[in-house]
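Below sits a lone chain in structure tokens, taken as the form predicted on its own.
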């Protein structure tokens, strides 16, 4: 079958028409014919051979990458009960053990034995993928494939925003990529009174302004960066926004984070810093009384139900707009070039 693989520790990926068709190896697995699949930031890091990911993936190469997708069930294992051939589905691609403390206490997204399809095992940048029945999410038949292709990422934004108080609050979002834009719209749908968002890409900021952000700031401009902090701190009784969501991973965003949040405020960290950070914890965290949460994955499966519900409440138009490019799997290089240059938002492949 057709697939996109990581075959070595060197930067880049390989397209093949000779990848082995996946087979159901467990009676509780399902085989899914992929209809659409989307590039995630993690896939870009895999393309670039990020040091940590390259080390993690070394023993599994070659690996079919990709973990955001939707498709149709083509075959079911003998013990499958909830799913049937023809069902329109997506799937949680974090495969958890079900036995560790976190799994047993309803926090499988923190499973200490997590395996991720598309990193540790073959993923969905292919014509077919196999996943456990437990992980599949049945989708409404009228949900557009373009949106269903990246529910994983929507879930990250939904999970992040679910960890902070939003209604009647002022929220700052650092990073206006697809996650940040979705977060801005979610914040407004959930009752935020003001949403401020930063980035260095004018195109992304324009889309953010059209989808929930009340103020946008290009922080590559020192004056705009200064204005962002000043507007965050404009209320003399608070001197900062109520919550900050960090989605860029950039070191300067972390500097801005601690300057723009009020004492007693909330911080949610989704962005992945690629360089060492210097934080004065005494001044910025302890004395400010901040609540800081690190965000990984999505709650299984609470987040999935929340985001599907929020689409009905008005999120869907924004999600459609975030998809900027459609390509056949064969044109994967063009898709990754778009992401590497920052010329688009979501790139969707149609195998």
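Residue numbers count along the first chain shown, from 1. All values reported here derive from a predicted model rather than from experimental measurement.
What comes next is about the form predicted together with another copy of the chain, which does not appear here.
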**Asked** Does residue 105 make contact with another copy of the chain in the predicted complex, using a 4.5 Å heavy atom cut-off?
**Response** yes
**Prompt:** Taking the shortest heavy atom distance, is residue 192 within 4.5 Å of another copy of the chain in the predicted complex?
**Reply:** yes
**Prompt:** Hey, in the predicted complex, is residue 58 touching another copy of the chain, heavy atoms inside 4.5 Å?
**Reply:** no
**Asked** Should residue 228 be classed as touching another copy of the chain in the predicted complex when contacts are defined as heavy atoms within 4.5 Å?
**Response** no
**Request:** Choose one stretch from 31-39, 321-329, 62-70, 288-296: the one whose residues place a heavy atom within 4.5 angstroms of another copy of the chain in the predicted complex.
**Result:** 288-296
**Prompt:** Though another copy of the chain is not shown, can you say which of 54, 316, 44, 300 has a heavy atom within 4.5 Å of it in the predicted complex?
**Reply:** 300
**Among the candidates 147, 270, 179, 130, the residue which, in the predicted complex, approaches another copy of the chain to within 4.5 Å (heavy atoms)** = 270
**Message:** Between another copy of the chain and 209, 243 and 349, in the predicted complex, does every residue show a non-hydrogen atom at 4.5 Å or closer?
**Reply:** no
**Asked** Does any residue in 118-155 get within 4.5 Å of another copy of the chain in the predicted complex, counting heavy atoms only, and if so which ones?
**Response** 134, 136, 137
